[in-house]
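For reference, the chain that follows is the form predicted alone, supplied as structure tokens.
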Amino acid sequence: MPRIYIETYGCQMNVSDSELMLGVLGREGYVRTEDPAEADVLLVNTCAVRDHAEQRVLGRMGELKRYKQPGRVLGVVGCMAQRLGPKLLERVPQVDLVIGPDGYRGLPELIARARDGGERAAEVEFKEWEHYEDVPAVRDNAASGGGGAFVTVQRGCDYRCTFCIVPMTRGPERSRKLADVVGEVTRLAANGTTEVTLLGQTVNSYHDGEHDFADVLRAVGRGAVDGIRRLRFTSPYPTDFTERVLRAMAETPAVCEHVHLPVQSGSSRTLKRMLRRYDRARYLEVVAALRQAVPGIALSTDIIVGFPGETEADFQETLSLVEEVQFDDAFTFKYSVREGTPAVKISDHVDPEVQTERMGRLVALVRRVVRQRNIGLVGTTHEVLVERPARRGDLLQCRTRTNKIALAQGPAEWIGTYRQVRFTGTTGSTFTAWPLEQPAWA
């Protein structure tokens, strides 16, 4: 049987797409291997959001090309492949295939051509109809956690934020039919999945022509799909939290008390230059509405530092927003120039040294806020899903409904099950926990 090796970089959508590719190739008899030296086909599923991600992939391709032998195929897939297209074939001569997110259905044929006739190809055409409905994805429990699965409900994006490459790499927004989403979740639940994360570029703008995102939450999370205990979604757009969606969150028991709510900047002036569809005040209104609808909700965010034209006063507004909202986590990034995005044409780029200095201040503040919030949780009790063995010791990695990570001692048999634990300490970002139900060998 031919063997396939896949490396995945970037967001949860890429993880989901790697599972799709394994499903496409699995129907042709391919089996997965974790060792690139054993693989007949090597694929690198890429991210294009920041230049650093692309440079990392190019460096990795330089390492993987040593496995390139006659009859073996090396391919770059995903967002970086979509952005660069045939240019990537010229840039890295060892690469046989360059395939964008809508081209995975053609993998078997393109691989066969590359293996049999040495034909190199780039497939980067957008297909607005493509949702891979008939592809049985091969789930990666190590990526989504024991008992969990990612389900893509929406592909592409119609928003044109000036810093963002996603509309170029993922194409226009399109939503799957609600019945298809429910069908996939039902099949997952029948196979033991208890936690589902719904994926979309602006997932809460979902609309299939008849149903909106509120309908999705209710259809999946109110007992309609037997066995689904937890429901998450990412990434929403702040102003797409309609009253209907907020009510569905409040009234759907499976919906977890955590929302990743990207803000990008705390400055209304900067947000306008980014073409975000809200200002600071509107974002804070959304935060208040979420906290009213779902008491105890945890909020995380994305923040960009050093966007063109950002002044010290603008940056101070970002710092004050972090203080005001009291995020439970924040992913922080220095602005990265992306060829083809409108922000490239904006003058007054921020000096890299200034970006680095501001990033240092922001990270320090975020860590302080998160640590203070987490210290306040020590001693409290939580339901956790046991996901996998921890990276250190004989501990297990667990996750709360509010997306807090805790390490607890317990047997491997607990992976994929739910347990009650008490938080006993925190590093500032993660927790140590004590199981309230002790294993038989304790």
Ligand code: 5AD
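The structure displayed is predicted, hence computed values, not measured ones. Start at 1 with the first residue shown and count on from there.
Just so it is clear, the following notes concern the form predicted in complex with ligand 5AD, a form of the same protein that is not shown.
This chain lacks the partner; the member of Phe150, Phe163, Phe315, Phe233 within 4.5 angstroms of ligand 5AD in the predicted bound form by a non-hydrogen atom is Phe163.
Residue-level contacts in the predicted bound form: of His131, Arg83, Arg338, Arg120, one residue has a heavy atom within 4.5 Å of ligand 5AD, and it is Arg338.
Ligand 5AD in the predicted bound form comes within 4.5 Å of no heavy atom belonging to Arg358. Although the partner is absent here, Lys334 sits close enough that one of its heavy atoms falls within 4.5 Å of ligand 5AD in the predicted bound form. Thr169 falls outside the set of residues with a heavy atom inside 4.5 Å of ligand 5AD in the predicted bound form. At a distance threshold of 4.5 angstroms between non-hydrogen atoms, Asp279 is out of contact with ligand 5AD in the predicted bound form. Stretch-level contact check against ligand 5AD in the predicted bound form with heavy atoms at 4.5 Å: of 75-83, 90-98, 259-267, 282-290, the positive one is 259-267.
Within 4.5 angstroms of ligand 5AD in the predicted bound form, the stretch 35-73 places a non-hydrogen atom from each of Val49, Arg50, taken in sequence order.
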